[in-house]
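Given next, in structure tokens, is a single chain: the form predicted alone.
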Amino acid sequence: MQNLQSYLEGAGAGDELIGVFGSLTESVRKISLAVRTADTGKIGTTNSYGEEQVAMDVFSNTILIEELKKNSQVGLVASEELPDEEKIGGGEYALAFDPLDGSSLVDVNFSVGTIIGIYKKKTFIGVKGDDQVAALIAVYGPRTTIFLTVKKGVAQFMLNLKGEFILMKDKIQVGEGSDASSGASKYFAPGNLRACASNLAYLDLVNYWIKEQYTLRYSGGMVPDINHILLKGKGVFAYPGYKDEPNGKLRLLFECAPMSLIMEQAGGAASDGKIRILEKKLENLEQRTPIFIGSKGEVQRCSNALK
């Protein structure tokens, strides 16, 4: 079976980017072990965005930073767990990441993940998601898997018992599901349901999915829900804003941009309801955005319903 390095070489990634992926996959191996064995409790501190940190957030962030510092190709990093972007070397690659998305789910043994966007930039301020040269999602569940793109489609790899990432599925495609005429994809993951109290259009949309007998697939974490859409090849994840948080809570740089690049490379779509997520310019590291991501028809349905 094809391993990760062979795949990247075939995709024309180049030695430098392959080396960056090497640092990332080593981090994923270590985080995967830590998720299974390390302390999951809260540590009494908050990150730079005011969110209470758990031990696994900080530990996962430390793993990534330490591994990336060893790589001469990496010059800049930004993380949900850091107050600002941080120069760590002289390399041309800049990496932005959520080191453990859904960390609050670890102690109840739900799947969680890591989200990483890769750029060639000297600063993240002013970038757009379209500027990414690659992106990676790691999923820590019963198995540890990764999805990645180098802008030549999307592939999934699994961590085997030898510690190697082996290709499981190439050319992943997200389409419209069995009812292509209506755009229905029959899977929905409705994040931020509290928005229904003040955003009646979102309540109507959720009721539409229910009345049309869509299957609910919502875990409470963005990574496992996007994982489901990519592997089933259809569906939609929605996270709108609402009165108290008009832009929702998901961050453009750390979560939405990498997810959107992977989804578009798989043939799906990602929008804030008005424009593509990948067209949004980053004004500050904590910038948040509504997001509707998955099958093109369902993303358009969300945009139409909530505009």
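Note that residue numbering follows the sequence shown and begins at 1. Everything numeric here is computed off the predicted structure, so don't read it as measured data.
Keep in mind the form predicted together with a small molecule is missing from the figure; the text below concerns it.
- Query: Which of 167 to 175, 96 to 104, 116 to 124, 198 to 206 has heavy atoms within 4.5 Å of the small molecule in the predicted complex?
  - Reply: Going through the listed ranges, the match is 96 to 104.
- Query: Contact between residue 221 and the small molecule in the predicted complex at 4.5 Å, heavy atoms?
  - Reply: Residue 221: contacts the small molecule in the predicted complex.
May I ask you to state whether residue 192 is within 4.5 Å of the small molecule in the predicted complex, using heavy atom distances? Because a heavy atom of residue 192 falls inside 4.5 Å of the small molecule in the predicted complex, the answer is yes.
**Message:** Quick check on residue 280: any heavy atom within 4.5 Å of the small molecule in the predicted complex?
**Reply:** Contact with the small molecule, no.
message = Check residue 59 for me: does it contact the small molecule in the predicted complex (non-hydrogen atoms, 4.5 angstroms)?
response = Because no heavy atom of residue 59 falls inside 4.5 Å of the small molecule in the predicted complex, the answer is no.
Query raised in the report: Given that the small molecule is left out here, which of 270, 35, 64, 250 has a heavy atom within 4.5 Å of it in the predicted complex?
Result: Selected option: 250.
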